[in-house]
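In the form predicted alone, a lone chain appears below as structure tokens.
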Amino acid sequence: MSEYAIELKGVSYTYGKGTPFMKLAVDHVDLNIRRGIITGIIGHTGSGKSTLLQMMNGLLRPQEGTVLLDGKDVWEKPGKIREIAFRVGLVFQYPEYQLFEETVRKDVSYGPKNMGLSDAEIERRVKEALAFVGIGEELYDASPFDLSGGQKRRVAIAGVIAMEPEVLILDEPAAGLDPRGRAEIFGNIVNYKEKTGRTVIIVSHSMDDMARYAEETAVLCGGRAVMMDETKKVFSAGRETLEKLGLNVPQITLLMEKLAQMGLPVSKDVFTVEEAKRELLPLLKGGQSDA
């Protein structure tokens, strides 16, 4: 078994090829997604993130290069490409707009039914998926349209989890949610990864979210993968480097930089609130930081 769940080898994709509206979206990208961890993909608008995701689960066929899933070319048998969508589950941005069934249970059942599973297996998957996203049984027969925004989002994610994909891809999973909703969504995702051991890919504009939840991070710019490493190492490239790529460092990092400039003995390489807490508590108690 390959140590990588997904491997992209020199993949490229151009929209409107041969027309005046031609746009190169992904340009000879090499990227390896390690198995069993949360990988973040970040980049400014138009950097190629969404196109890359759609190539990973077979929605788009790369015009150049190869996409490997578990070491095998996903387009080796084009007639079976539909199976790739079951193995690589893609949750689009604002997935709640795709809810359509009468009840929560029916909506989450939709994917597993299309897989031709038995009723008993479908019921097991629906219950497990809804448990992963924190939706209780009292809501199974409720209309998804009567739920809160955060609940709708979680039900939509459960619909993909119920297909038990080997790789779960989420495009801006917390977009538009308040801080509590964001924390719930990401808490559910981490819980899912830890309990199943499956591979998770998260696309987000939020550097704060990436710093907190992603174990490795890829940075896209102009359709190219310009960085891929452990998240802390990517963020340690420095504010100037990241800003040139159209990205901002986490807010907590800016705060720690200002505190360091004021003469406090704290590290500037702090990227999450938890790390800042460890730096600042000794100072508040009258001790000294280890930095």
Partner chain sequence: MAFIECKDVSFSYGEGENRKAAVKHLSLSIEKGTFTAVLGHNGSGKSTLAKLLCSILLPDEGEIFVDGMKISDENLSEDDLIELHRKVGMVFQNPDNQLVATVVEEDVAFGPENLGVEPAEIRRRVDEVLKIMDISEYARHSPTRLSGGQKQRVAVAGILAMRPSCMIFDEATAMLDPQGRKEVMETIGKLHDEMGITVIHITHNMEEALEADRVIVLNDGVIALDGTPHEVFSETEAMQRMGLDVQQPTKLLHELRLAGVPLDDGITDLDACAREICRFCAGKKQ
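Positions refer to the first chain, counted from 1. Whichever C-alpha set is largest while still superposing within 1.5 Å between the two forms counts as the rigid core. Worth saying up front: this structure is predicted, and the values here are computed from it rather than measured.
The discussion below concerns the form predicted together with its partner chain, not included here.
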Would you say all of H205, L254 and L259 touch its partner chain in the predicted complex, counting a heavy atom within 4.5 Å as a touch?
yes
May I ask you to state whether Q63 is within 4.5 Å of its partner chain in the predicted complex, using heavy atom distances?
no
Check whether G223 has any heavy atom within 4.5 Å of a heavy atom of its partner chain in the predicted complex, and answer yes or no.
no
Applying a 4.5 Å heavy atom distance criterion, does N248 contact its partner chain in the predicted complex?
yes
For I122, is any heavy atom within 4.5 Å of its partner chain in the predicted complex, or not?
no
Out of the stretches listed (234 to 242, 63 to 71, 29 to 37, 259 to 267), which one is close to its partner chain in the predicted complex, meaning heavy atoms within 4.5 Å?
259 to 267
What is the one choice in D146, E194, E137, D178 with a heavy atom within 4.5 Å of its partner chain in the predicted complex?
D178
Mind listing which residues of 259 to 280 have a heavy atom within 4.5 Å of its partner chain in the predicted complex?
L259, M262, L264, V273, A276, K277, L280
Core-aligned C-alpha movement of Q261 between the shown form and the other one reaching 2 Å
yes
